[in-house]
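The chain below stands alone and is given in structure tokens; this is the form predicted alone.
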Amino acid sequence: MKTILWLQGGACGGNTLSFLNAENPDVLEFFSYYDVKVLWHPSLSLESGDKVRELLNNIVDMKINLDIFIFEGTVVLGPNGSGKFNMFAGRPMKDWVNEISKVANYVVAVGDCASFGGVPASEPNPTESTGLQFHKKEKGGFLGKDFRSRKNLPVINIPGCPAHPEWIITTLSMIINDKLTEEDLDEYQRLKIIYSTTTQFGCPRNIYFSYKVALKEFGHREGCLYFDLGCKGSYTKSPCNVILWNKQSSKTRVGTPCFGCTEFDFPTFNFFVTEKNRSGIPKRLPLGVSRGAYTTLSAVARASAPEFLVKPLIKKKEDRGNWLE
């Protein structure tokens, strides 16, 4: 039997809600199938107050074995490094995190906040928040760049705002079966089988991206959101268009730009506007594409765009032009 402890720091609870929406298997089936005992979870457990403090102390003293420590949200260090903005079971949460991480076989950061700091750690960061082993792009975070769990692994990150329930369950199942090694993680300690491709993979708007046909306004099923409307799907590592949300959709499929919430720099510039240079070229180019190659390819692609892509499928009465002007 494996044991899990789940704690929340500076968080909205979104990753817990996402995890509880898991299906095939659902959360209870998952725990039963893998013979997992949940020592405590803020939304699933009834114990509170002294009972939780006693449990945590027994874990720290290694009277209770802890296999997987899951942390959701940022580690709050404020004010002035005291951690007193986030008290839990009689102590700053950061102190529990520090001590429990040392005795857990595996430490997992679920969500972008726990992985990289996310929204709470963005400037001006009044709560002095940080991620478990990263502060934005910089490795270190709260536990330090050299931290290793008892199984000699760094913190295993499952970023996302929130993380998809299947990402969480896939990662946990590998850990529970002792199948996860350091080679399975990328440079930001994310599972490669989940975070190797970009959000663009599987996006039904891909053909518009290929021919550089830009969507000019929200509310249309055709056109690419990257060129003008802030989509970060071409340089964000996530499988959101492969492992669909609620098994049927994603942001780009419903006409909303990818916000890049699985990356270290989330949140960034205006979510709904593409930041451009003086030449009108997006400042952030698709992953691995040079500026020269992008400029050349764009000119050729736009010139050869099929007519059926250039014209809106459903044209409003007041619309006068095509997507390509």
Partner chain sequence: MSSKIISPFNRVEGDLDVEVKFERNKVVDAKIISRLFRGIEIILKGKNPLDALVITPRVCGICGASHLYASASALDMIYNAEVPINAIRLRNVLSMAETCQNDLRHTYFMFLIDVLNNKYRDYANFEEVIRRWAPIQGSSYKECFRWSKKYTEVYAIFGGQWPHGSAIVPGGITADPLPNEIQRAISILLDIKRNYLEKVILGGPIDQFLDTVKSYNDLLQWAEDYKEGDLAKILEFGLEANWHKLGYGSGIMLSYGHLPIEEYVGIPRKKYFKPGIYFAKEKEYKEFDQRNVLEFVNSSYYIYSKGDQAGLHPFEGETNPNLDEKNKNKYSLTKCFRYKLDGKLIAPEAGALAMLTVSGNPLILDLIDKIGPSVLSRVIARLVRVLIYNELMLQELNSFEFGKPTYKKPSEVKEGMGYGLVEAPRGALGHWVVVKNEKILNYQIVTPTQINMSPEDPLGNKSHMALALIGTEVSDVNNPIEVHHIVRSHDACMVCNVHMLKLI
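Since this is a predicted model, take the numbers as computed values, not measurements. Positions refer to the first chain, counted from 1.
This next part talks about the form predicted together with its partner chain, which is not shown.
Asker: Tell me, yes or no, whether Ser45 is in contact with its partner chain in the predicted complex, where a contact means a heavy atom of each within 4.5 Å.
Answerer: Because a heavy atom of Ser45 falls inside 4.5 Å of its partner chain in the predicted complex, the answer is yes.
Asker: Although its partner chain is absent from this view, report whether Arg53 comes within 4.5 Å of it in the predicted complex, heavy atoms only.
Answerer: Residue-level check for Arg53: yes, a contact with its partner chain.
Asker: Would Asn152 sit within 4.5 Å of its partner chain in the predicted complex, counting heavy atoms only?
Answerer: Contact check for Asn152: no, nothing within 4.5 Å of its partner chain in the predicted complex.
Asker: Can you tell me whether Ala305 touches its partner chain? I mean in the predicted complex, with a 4.5 angstroms heavy atom cut-off.
Answerer: No, Ala305 sits far enough from its partner chain in the predicted complex that none of its heavy atoms falls within 4.5 Å.
Asker: Check, residue by residue, if Gly14, Val27 and Trp245 all come within 4.5 Å of its partner chain in the predicted complex, counting heavy atoms only.
Answerer: Affirmative, all three are within 4.5 Å.
Asker: Among 156-164, 184-192, 99-107, 132-140, which stretch has residues whose heavy atoms lie within 4.5 Å of its partner chain in the predicted complex?
Answerer: That would be stretch 156-164.
Asker: Who in 96-126 is close to its partner chain in the predicted complex, meaning a heavy atom within 4.5 Å?
Answerer: Read in sequence order, the residues that approach its partner chain (within 4.5 Å, in the predicted complex) are Val119, Pro120, Ser122, Glu123, Pro124, Pro126.
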